[in-house]
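To begin, one chain is listed below as structure tokens, in the form predicted alone.
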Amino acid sequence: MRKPLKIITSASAVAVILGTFSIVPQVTVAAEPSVATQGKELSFNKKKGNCLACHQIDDGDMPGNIGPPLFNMKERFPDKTTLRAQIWDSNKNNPNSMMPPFGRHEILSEQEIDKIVEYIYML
């Protein structure tokens, strides 16, 4: 009779231990949006990049038509550094450019420009 009691006691101890693991709250961390997604948000943000004010972008609402449409960017800018330089200071390649020098005038930070480049390069 002692043996079954010992098995029951051991089983209940295991159940208690396992039960403590099951009541530990599960912490889920929200995944940070991808760099390209963050770049899109900056590009569409009227207080930041505001690319839609001048450029047509596939999924943008009410795009402008002052600047060229942002399509086939990998073909137009095979090198990302050239695209980044254009966003940083478009006046270097074209002194008559209407595009603001986002980097030179500190409208956007280095990291923000990098995120926008990642997004635009996918277009």
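The model shown is predicted, which means the values in this text are computed figures rather than measured ones. One-based numbering along the sequence shown.
Omitted from view is the form predicted together with heme C, to which the following refers.
At the 4.5 Å threshold, heavy atoms of Gly67 reach heme C in the predicted bound form.
None of the heavy atoms of Ser34 is located within 4.5 Å of heme C in the predicted bound form.
In the predicted bound form, Thr81 stays away from heme C, with no heavy atom inside 4.5 Å. Although the partner is absent here, Asn50 is a contact residue: one of its heavy atoms lies within 4.5 angstroms of heme C in the predicted bound form. Residues from 72-95 that approach heme C in the predicted bound form with a non-hydrogen atom closer than or equal to 4.5 Å are Met73, Arg76, Phe77, Leu83, Gln86, Ile87, Ser90, Asn94, in the order they occur in the chain.
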